[in-house]
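A lone chain, given as structure tokens: the form predicted alone.
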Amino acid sequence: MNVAVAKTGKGRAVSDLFTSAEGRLPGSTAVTAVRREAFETYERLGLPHRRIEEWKYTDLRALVGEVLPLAAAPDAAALKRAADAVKTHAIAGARKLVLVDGVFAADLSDVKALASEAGFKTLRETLEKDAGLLKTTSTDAVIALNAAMATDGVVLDIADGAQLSAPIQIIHIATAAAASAFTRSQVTIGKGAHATIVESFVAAGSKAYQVNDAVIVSVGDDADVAHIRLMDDAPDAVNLTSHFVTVGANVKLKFFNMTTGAAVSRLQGFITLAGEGSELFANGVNLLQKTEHGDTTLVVDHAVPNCVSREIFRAVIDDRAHSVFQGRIIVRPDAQKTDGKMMTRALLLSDEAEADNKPELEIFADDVSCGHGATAGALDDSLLFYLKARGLPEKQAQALLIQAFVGEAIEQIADDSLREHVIGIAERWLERRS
């Protein structure tokens, strides 16, 4: 039986968006065909809603009011605002790669400084010859829409044995109000390489914009990698990011995510441990207030034996904000000697704050050590009383306890300047709350 999918107003808006933007999207004829196929997948699925288990707590049909038109290429004024934002959000000493409204900005980036340590192209350049970066087997509508609409991104190739002297920071800057940006990047890290990759999402005066980003990461054997994501978007923005990570043998991968902005945000990560002896340490912090909605969904797939994964996530939720953590550890039948642990804790600062924690284990092997836990609660009244009794105002006392609560996750960042940068973001959130 043929079933026709009825389009809502939002669905029609996205269809019109793709039709109007298709002529501006980069790529060869083969790329155009891949885009159309991806968009057909999206049209068949529509915006995710609560009846889809993976999106149960983040109903985009209800949370996203409309689909915004594709942002125009940044003009001189937009690039000037972006340059000012770079000065504020760049990490000292990092090699910067800047995307403004979804388009790579060479003049704001450190391409020459990076050239001696890593191969670099833009997605736009790559798509002129190859459609491979847009191909996906995912049935997720957000991922399909990203493949259909991606305008630009960075393609990094870090050679075998490379020891990067500084972090590489990919900065996404939004300057266009009421517009959308679709970016897609690929990072390939060679065998035995040491690298730190940072992604930052910031606003430069724009409001009510939408971001749909995808990052594909491949880590070679014996590599040591830190991957940091910092999302500090405008208060009324929407940010949807998808990560796909494949890890080789004897790898140490340290992942950290911090969310401190956006009306609606979701990070969905899919990490496959495909080589024996690898270790994954995933940490994250959601700092949410007002009516913000922050979703972290992480799937760790132990595909081979003798791997370790540790996940520690923290959420601080004020006012009527809503934090979501969905974590799934999958242990395949041949993945004996797997050691996987997952813990999420939520700190509720008001009676109307909401936290949904959904840890899951799918174990198909018998010689494993796996576990998970989730807690939610308020600040300790006795600790608050202790600090206030020593003359601290209540807000300052709360701030000290919050800093201690999220500190366990932040302290996992090894690089001193990067850790201080992240602490600064958390402190600015606390100042806004005060």
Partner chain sequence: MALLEVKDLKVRVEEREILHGLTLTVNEGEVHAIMGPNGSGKSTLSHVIAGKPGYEVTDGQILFKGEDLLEMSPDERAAKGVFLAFQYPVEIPGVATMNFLRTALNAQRKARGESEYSTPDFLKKVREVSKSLNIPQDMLKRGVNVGFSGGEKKRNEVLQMALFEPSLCILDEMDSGLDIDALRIAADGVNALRSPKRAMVVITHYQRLLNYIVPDVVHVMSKGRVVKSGGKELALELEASGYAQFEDAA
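Keep in mind the model is a prediction, meaning the values are calculated, not measured. Positions refer to the first chain, counted from 1.
Another form, the form predicted together with its partner chain, is not on view; read the next lines as being about it.
Worksheet entry | its partner chain in the model of the complex: contacting segment from 60 to 68, 399 to 407, 363 to 371, 43 to 51, heavy atom within 4.5 Å | Comparing against its partner chain in the model of the complex, the contact stretch is 399 to 407.
Worksheet item: residue 375: heavy atom within 4.5 Å of its partner chain in the model of the complex?
Response: Flag for residue 375 set to no.
Practice prompt. Although its partner chain is absent from this view, report whether residue 29 comes within 4.5 Å of it in the model of the complex, heavy atoms only.
Written response: Heavy-atom contact with its partner chain at 4.5 Å: absent for residue 29.
Worksheet item: For residue 388, is any heavy atom within 4.5 Å of its partner chain in the model of the complex, or not?
Response: Yes - in the model of the complex, heavy atoms of residue 388 and its partner chain come within 4.5 Å of each other.
Worksheet item: Contact between residue 383 and its partner chain in the model of the complex at 4.5 Å, heavy atoms?
Response: Residue 383 belongs to the contact set for its partner chain.
Worksheet item: Hey, which residues along 274 to 292 are within 4.5 angstroms of its partner chain in the model of the complex, non-hydrogen atoms only?
Response: If the 4.5 Å heavy-atom criterion is applied to its partner chain in the model of the complex, 274 to 292 yields nothing.
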